[in-house]
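Form predicted alone, single chain, as structure tokens, below.
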Amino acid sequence: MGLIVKKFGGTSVGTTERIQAVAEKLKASRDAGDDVVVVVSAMSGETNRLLSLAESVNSNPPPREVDVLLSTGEQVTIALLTMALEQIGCAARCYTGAQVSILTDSTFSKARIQDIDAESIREDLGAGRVVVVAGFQGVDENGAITTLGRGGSDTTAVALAAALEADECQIYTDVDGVYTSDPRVVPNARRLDKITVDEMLELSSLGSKVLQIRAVEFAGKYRVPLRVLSSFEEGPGTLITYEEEGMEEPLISGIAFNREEAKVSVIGVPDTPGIAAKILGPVADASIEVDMIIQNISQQGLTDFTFTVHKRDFQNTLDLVRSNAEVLGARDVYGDDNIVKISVVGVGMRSHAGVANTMFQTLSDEGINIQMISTSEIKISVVVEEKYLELGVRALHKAFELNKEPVAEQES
């Protein structure tokens, strides 16, 4: 028994029948003695429908008013879920982000949470009610409604769990946990019983869509135990937790990939101080995020500079760099959007050598050429041709034996 914050996404509450099923789950948890706070998203498809409405009356709708519109999706869900709970004899009360006083900054469409006043929630929990909170939204210091960006309900749930000092934050979704890789690409991918916050942060940033990265960051900052569970199947899910002193970790926990990468190469620029800033300055000014960067060793005073961006920003980036090529003194600028990034992630890398060699040799054995390499303490990422995505991921999954359950080492 304890205080549990549960979050249900759009698919989980996509119909009134599914909302009623969620209500039954919540009542069962409450009857078992838990204090329950639940965060819900808009019903599946509702946010896109509302965006379409906005664009049908204004081709460039004001962000402030878009947030007012989009916040209504979650308000529908909290009201319906609270009604469903009351129908089955479970006392409940719902709150919008503003009513809970989830205070954010004023960055409409991607606001960040600054503070939460959880006093009213505590009072309702003390009175035996299930508390239903609208995810994805808050209010700024001027009283304007804000939204947290796609996947923001995850962040709402973790932030509430932190504010309430909950025993666990449970994220219910359409998958039953975090897998060693995408089961649609690797059929024998294995569900992980647990994974560290650091590993989940890397997987989220590298393309895993299970959790919003800001939610994982929040969990790490405030040490909120986080669990991913299925809305439709019973099971233990995956616990996202912290490394324990002396705990043996698997060498590699997962393989992530990102299809939305494109690269731009600037050939033959003078190898002088500040050249990287001159290349990337206009890109940053256009609010384009850069991922991987490689600068070659200087040859005869010239160097090549390659970096990657999101595929949606590819043409804009290429145009910007080409327009600046003469100023840079570059011989040529070219791009390629037929690439993917494949990454191996695991805290076990910290204490084991040879991960990079195994990765590179495995790809070489499959005839896959590596175009770029990036590393961190617990991650190695490579860029390869897009056509090799599935072959590369499956080969690496097999090479690191991720389909097998880890064997606990015996104490000597």
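On a predicted model such as this, the values are computed, not experimentally measured, just so you know. Residues carry their position along the shown sequence, with the first being 1.
Quick note: we don't show the form predicted together with another copy of the chain, though the next part is all about it.
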Partner-free chain; cross-checking another copy of the chain in the predicted complex, the single residue of T272, Q87, N338, Q300 with a heavy atom within 4.5 Å is Q87
The one option of N357, N369, N48, S56 with any heavy atom within 4.5 Å of another copy of the chain in the predicted complex is S56
With the cut-off set at 4.5 Å between non-hydrogen atoms, does Q20 touch another copy of the chain in the predicted complex?
yes
Practice task
Consider I267 of the chain shown here, and say whether it contacts another copy of the chain in the predicted complex, taking contact as heavy atoms within 4.5 Å.
Solution key: no
G348: touches another copy of the chain in the predicted complex, heavy atom cutoff 4.5 angstroms: no
ask   = Counting only non-hydrogen atoms and a 4.5 angstroms cut-off, does V216 reach another copy of the chain in the predicted complex?
value = no
Within 4.5 Å of another copy of the chain in the predicted complex, heavy atom basis, the matching stretch of 189-197, 89-97, 316-324, 216-224 is 89-97
For a quick test of understanding: in the predicted complex, does each of T155, A159 and Q212 have a heavy atom within 4.5 Å of another copy of the chain? no
In sequence order, the residues of 59-88 that place a heavy atom within 4.5 Å of another copy of the chain in the predicted complex are S59, N60, P61, P62, R64, E65, V66, V68, L69, S71, T72, Q75, V76, I78, A79, L80, T82, M83, A84, E86, Q87
